[in-house]
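Next up is one chain by itself, shown in structure tokens, the form predicted alone.
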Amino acid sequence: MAPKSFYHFLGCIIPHRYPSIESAVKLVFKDLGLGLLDMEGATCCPAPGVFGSFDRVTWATIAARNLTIAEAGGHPITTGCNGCFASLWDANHELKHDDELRDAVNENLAVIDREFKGTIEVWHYVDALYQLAGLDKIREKVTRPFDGVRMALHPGCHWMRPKLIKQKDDSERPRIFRELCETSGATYVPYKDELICCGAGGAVRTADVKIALEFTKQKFDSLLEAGGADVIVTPCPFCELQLDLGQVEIQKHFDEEYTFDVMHVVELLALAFGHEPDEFGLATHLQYMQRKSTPAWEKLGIKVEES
């Protein structure tokens, strides 16, 4: 039976950097009849590329503790972060198929009277919206179509990959995320470097922000070569951070200016469903704070009141 309610795994970036994503997904899921439950006691996912690379058992134990919260409540997990999704989904998958790893993890969890049982699934917002709500129902909710808005996409790395295990979409020729975003009415703009990393992943941003920004700049330049776009949409808040804050940092490090509007997919849909930016804090994004408007907002007739 398809789930109707999910435990909502926020992760770190959404509450600390983009709480507008949390507010937007609550509006969108409610509009579509999907429930979100607070996941009390959840911790960091933890970051898959960092923790998992150093100690697989420790990574899996921390992830499994989060999974046991959902198991105890009997509802699946949904998250809007590619990294959180990768960590929780991968740990859930590996623990169900690797007896040795599961035994080691459950030995650790026994110290806090917990046990991983493998009874729930992990969903990305994209999966829940695409598979459970469905494109037709989403289109029915659109009252502010993005007519005339040119939209570029950044799917990110971890939602689809590794594709042979996750089987979410073809990571080399993805269509699910594009089809979901196109329900907004925006015109999809393909560009050469759509599928490369934003630059932030794998702790590259932490180790050397300038190298991370070189990836971001390459994406932006590739998009400009394709004719540009009014908005870049992503399913990941860490990618959103890199593409949003990255524009400010690129100006500082490379003395080049970019003016792309950046949104998470649920922020895009919240606007398309007719919700105003102030309802979910969209004007807290750096690009809006700096310019008080964006090309996408102007085409949609949205104005931000001066505070």
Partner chain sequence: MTSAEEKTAIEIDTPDDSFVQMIKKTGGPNVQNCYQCGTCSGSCPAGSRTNYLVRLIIRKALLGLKEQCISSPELWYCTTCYTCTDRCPQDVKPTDVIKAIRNVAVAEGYMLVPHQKTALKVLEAGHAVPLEKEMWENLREKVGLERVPPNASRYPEAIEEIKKIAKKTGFDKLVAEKETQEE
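Remember, predicted model here, so these are calculated numbers, not experimental data. Positions refer to the first chain, counted from 1.
What comes next is about the form predicted together with its partner chain, which does not appear here.
- Put simply, Val204 is close to its partner chain in the model of the complex: some heavy atom of it is within 4.5 Å.
- The closest heavy atom approach of Asp136 to its partner chain in the model of the complex falls outside 4.5 Å.
- In the model of the complex, its partner chain sits within 4.5 Å of a heavy atom of Glu172.
- Contact between Gly199 and its partner chain in the model of the complex is found at the 4.5 Å heavy atom cutoff.
- None of 139 to 147, 205 to 213, 221 to 229, 121 to 129 except one has non-hydrogen atoms within 4.5 angstroms of its partner chain in the model of the complex; the exception is 205 to 213.
- Although its partner chain is not shown here, in the model of the complex the stretch 29 to 59 places heavy atoms of Asp38, Met39, Glu40, Gly41, Ala42, Thr43, Cys44, Pro48, Gly49, Val50, Phe51, Gly52, Ser53, Phe54, Asp55, Arg56, Thr58 within 4.5 Å of it, in sequence order.
- Relative to the displayed conformation, the Cα-Cα distance from Leu286 to Glu298 grows by 3 Å or more in the model of the complex.
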